Ligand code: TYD
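Here's a solo chain for you in structure tokens, the form predicted on its own.
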């Protein structure tokens, strides 16, 4: 068996290099390149012919193992698929172990055999957490082990329906060189666990640490090995936590589940829109309600802006929960197309509740919040705003407008400012105010800007 040439992999981004260097050319990280163990190359003459199947055909939907929790099942696409591999990432202390322990207890309550393997904590520590969460009598089997060979032998003997490994960076493969957490070790451990899930038909959930940039540590190839990648997000100063599916082969990607951190653990939030909205009775300048969509779920949140005179030569632009580059673009369009200038002004933008908004549909709501804060004029009460702003100042329609309006009507909003495609919205209790141009929208809500 021929040996492949040695290669070097960046532990931060997964880029492959022909030789070692102190700095990764792809991501710029220092001292992150390590040698990757070469894999053997098999001669094609010794291979066997694989079976081929036609593309046409109807296969039944994969079976699901529901947890009984609406938010977790929503993110997973209806429940865990037997034989699937799931990777869960999140900041340290955000509540990953709490979430997975509660999930293990929920799956165990449905009659599934669950094994929780911890490489970071002893079994006594896990029992203490379970007692604090009221899960001391949960049907979950514990193991504190880092040797992957022993873990796989145990799983082959027990054949659980669900295995939780906390975390993949602590697993150690004796046939691979390197300390636990090294690129080769993490890759080999993830591959072995994923292969076990496919062979034995039991679902495997792996916890992955994240780097300072918020990415799951180790090579990005881990995310390609597994079927589902979930990120557990949230700010420590807020009690809300969001479980987001960034990849899902068995369901919609981008779906979110909302949880609230309480003294008894994580509680599901069935109506997150009501929690992300501020006091609607008091109309405040700079506060606008945005009707967004996360995955398939419509979600209303409050966007807050503050504009103040700047004592600095270069005004400050601070953003929490939104893209700072897109804020700069909205400010430029407001000045060039709508005649609203922010020169000499500090601008602060915040998405209430610790939520992070990524879709361009928030452009119009951000623009309205900025102009409202600048002029001191509150936005219309009972109104939701959404739409994408082009560099020309035109406002473009966004997808799923009807779902956004239904969520707004359910929470008592009576009007909406947005661009609508013809025939995209049926009958609704929300009064529609079509918006086609940014300047006309600003003048309609806040008056003509001062020269």
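All values reported here derive from a predicted model rather than from experimental measurement. Positions refer to the first chain, counted from 1.
There is another form of this protein, the form predicted in complex with ligand TYD, and it is not shown here; the text below is about that form.
Colleague: With a cut-off of 4.5 Å between heavy atoms, is residue 96 one of the residues that contacts ligand TYD in the model of the complex?
Modeller: Taking the distances in the model of the complex, the answer for residue 96 is yes, it comes within 4.5 Å of ligand TYD.
Colleague: Just checking whether residue 356 would be counted as a contact of ligand TYD in the model of the complex - the rule being heavy atoms within 4.5 angstroms.
Modeller: Residue 356 lies outside the contact set for ligand TYD.
Colleague: Is residue 234 close enough to ligand TYD in the model of the complex to count, meaning some heavy atom within 4.5 Å?
Modeller: Close contact is absent here: in the model of the complex, residue 234 is far from ligand TYD, nothing within 4.5 Å, heavy atoms only.
Colleague: Taking the shortest heavy atom distance, is residue 323 within 4.5 Å of ligand TYD in the model of the complex?
Modeller: Looking in the model of the complex, residue contacts with ligand TYD do not include residue 323, since no heavy atom lies within 4.5 Å.
Colleague: Can you work out which of 266, 300, 112, 115 has a heavy atom no more than 4.5 Å from ligand TYD in the model of the complex?
Modeller: The residue from 266, 300, 112, 115 that makes the contact is 266.
Colleague: Check each of 261, 106, 306, 210 and return the one that places a heavy atom within 4.5 angstroms of ligand TYD in the model of the complex.
Modeller: Only one listed residue qualifies here, and that residue is 261.
Colleague: Looking at 291 to 299, 75 to 83, 126 to 134, 348 to 356, which one sits within 4.5 Å of ligand TYD in the model of the complex if you count heavy atoms only?
Modeller: Going through the listed ranges, the match is 126 to 134.
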